[in-house]
Ligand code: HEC
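Okay, so here's just one chain, in structure tokens, the form predicted alone.
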């Protein structure tokens, strides 16, 4: 009414014709700040000790068939950090995978565009060369088959994948990035997959204090860290039977006795896919690298601290009809044995925690080439 009154008071004022509402548009970020020439992603490689390790060669090399180019990984870096890949422009891959935390999330369940917490804890991201099956329940084979799933998941980024190529093509800084990476400005889902996978393959973690200790006979380690090392590798705690080799992991999913009945507790893991009671509560065995940075722990983030994890494996494992034999009384044979009781002392528990923190990477978590370019 105020506007109408002003118009009537002005000689010659004509009736204002309302303009059509502008379509809702996702705010466009400032262009990413990228180095010229690009970072030499193609030159990144694991140390010879990793590449020549017989155990890693046995179950490694899963991501090695995808060629990483400097321009391809650069595009992947932009895509990884760009919230415009989500339906409302608020959530990026990096929202739930934070570099300072080895690309994990500090909350038990992440929250995406829907506002609903995710079903499981966001996993840390690194060393994909040595991973073939993705997610906690191993439901996806291959990194390129994994990267689009969070983008379209209704609780994470909720983007319509059919609309994603055209959406990205309309963002000013993407055509040149796609052309540099693939020789053509055309945006396709396949090129998005490839670029994201290339960038993720450069998340390489092998620069922890533990790695330096392997070279200098653990000089500089505290008495507590050395005690923790002895406990970890002594065979009695069985820590390195499930978390073994240079990557401190296994390619096999285990039932670790968090629940008596995982399905009844709400998440049967692999068992929810197979329908086989033998798989009830079988989850991916994650690498212990960066374990001090990736709290909370387990598939549902139930443990807030490393001490809680150590306490659980010391004397908190629950009986289960298919509990992994390495966590049973005998440590071998058939699954489903009574849980193994370590009954660690207070000093031993703290020593294990101190040693586990030496697995934290000192390079990847602050490397500029893996950082947010916006």
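Keep in mind it's a predicted model, so treat the numbers as computed, not measured. Residue numbers count along the first chain shown, from 1.
Below, we turn to the form predicted in complex with this ligand, even though it does not appear here.
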Can you work out which of 101, 229, 246, 238 has a heavy atom no more than 4.5 Å from this ligand in the model of the complex? 238
Answer option from 191, 207, 202, 92, heavy atom within 4.5 Å of this ligand in the model of the complex: 92
Counting only non-hydrogen atoms, choose the one of 163-171, 271-279, 193-201, 178-186 that falls within 4.5 Å of this ligand in the model of the complex. 193-201
Could you tell me if all three of 119, 288 and 327 have a heavy atom no more than 4.5 Å from this ligand in the model of the complex? yes
In the model of the complex, does residue 155 come within 4.5 Å of this ligand, counting heavy atoms only? yes
is_contact(residue 83, this ligand) in the model of the complex, heavy atom dist at most 4.5 Å: no
Tell me, yes or no, whether residue 299 is in contact with this ligand in the model of the complex, where a contact means a heavy atom of each within 4.5 Å. yes
Using 4.5 Å between non-hydrogen atoms, is residue 96 touching this ligand in the model of the complex? yes
Though the partner is not shown here, which residues of 117-143 have a heavy atom within 4.5 Å of this ligand in the model of the complex? 118, 119, 120, 121, 122, 123, 124, 125, 128, 131, 133, 134, 135, 136, 143
